[in-house]
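Given next, in structure tokens, is a single chain: the form predicted on its own.
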Amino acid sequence: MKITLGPVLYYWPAETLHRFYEEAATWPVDVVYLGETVCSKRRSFRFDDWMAVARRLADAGKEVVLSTLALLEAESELKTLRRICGNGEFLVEANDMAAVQLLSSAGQPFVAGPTANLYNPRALEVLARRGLKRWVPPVELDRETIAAVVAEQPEGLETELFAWGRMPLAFSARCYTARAYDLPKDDCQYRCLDHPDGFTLRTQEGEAFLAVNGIQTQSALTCNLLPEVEAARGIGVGLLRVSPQAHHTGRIVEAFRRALEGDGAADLEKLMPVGGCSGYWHGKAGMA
């Protein structure tokens, strides 16, 4: 099995991103996903900056994949999407069907991200004929459903599991972070910079409920499938995705690498923003 480092889902300053990927080049990850997938107003890195980082990581021996936005709303975003899909050097993760259309029409191989909404072998078969090489199941699929799909998916297609991180649950044209500060979306003052792991919403009883990350809603609890590595391997999962967080990502990657090498599952509870869960893996409430 391989370990992948997913795209950074949060708004981090350019200096932070540079430092993060300099460190990531030394981590035991096989694949690194790069790019903005949440909000086009996050411009710490431009396209050329992402390409420069991609080349450095490739020189360090990493497989690099460029990720696209999950929700496109403007022609300027389509223009950037076209540049990413036509980059000519690196594989692309399509996070919506606009990207799938561009890549498949150009005869380019691609990865389908978790927001491409693929749920059955028939959909995978159709896209495999158009260039799909790897897919990331939507985070709401449980182990039995993933196993059933993998058992019937086209031969040679890779399956990558979202194995660590606050789960991306939904996107909206509205910006929840701006709204929380009583600001319009077009004048958000980049408040996401103040929340490098998103900000946590709690119930009236004080329990962590959701995390707000601009236009994206996430789980408050961190999905941790480290204890399920062997079960994932057993159903045919070939890659495990670690979604970056503001602190301790390198330690988390190392824990997954040790688990793959048979050293057992480490206790990573203290490395999570507010606590962990098993997501939808068992088909019931992950926090249980």
Partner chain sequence: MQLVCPAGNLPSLKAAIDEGADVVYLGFKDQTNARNFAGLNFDDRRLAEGLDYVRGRGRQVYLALNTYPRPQGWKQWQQAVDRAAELEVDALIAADLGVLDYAARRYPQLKLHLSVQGSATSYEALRFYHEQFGITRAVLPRVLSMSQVEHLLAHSPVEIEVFGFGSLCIMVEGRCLLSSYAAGQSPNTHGCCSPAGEVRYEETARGLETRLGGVLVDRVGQGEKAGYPTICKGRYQAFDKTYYALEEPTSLNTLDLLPRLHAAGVAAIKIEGRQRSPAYVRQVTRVWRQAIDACLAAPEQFRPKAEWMQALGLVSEGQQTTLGAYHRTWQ
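Because the structure is a prediction, the values reported are computed rather than measured. Positions refer to the first chain, counted from 1.
There is another form of this protein, the form predicted together with the partner chain, and it is not shown here; the text below is about that form.
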- prompt: Tell me, which of 117, 87, 108, 189 has a heavy atom within 4.5 angstroms of the partner chain in the model of the complex?
  reply: 117
- request: Answer for residue 158 alone: is it within 4.5 Å of the partner chain in the model of the complex, judged on heavy atom distances?
  value: no
message: I'd like to know whether residue 220 contacts the partner chain in the model of the complex, with contact meaning heavy atoms within 4.5 angstroms.
response: yes
- prompt: Heavy atoms within 4.5 Å of the partner chain in the model of the complex: does residue 193 have any?
  reply: no
field: Partner contact for residue 197 in the model of the complex: the partner chain, 4.5 angstroms, heavy atom
entry: no
- prompt: Taking 98, 148 and 280 as the candidate spot, are all three within 4.5 angstroms of the partner chain in the model of the complex by heavy atoms?
  reply: yes
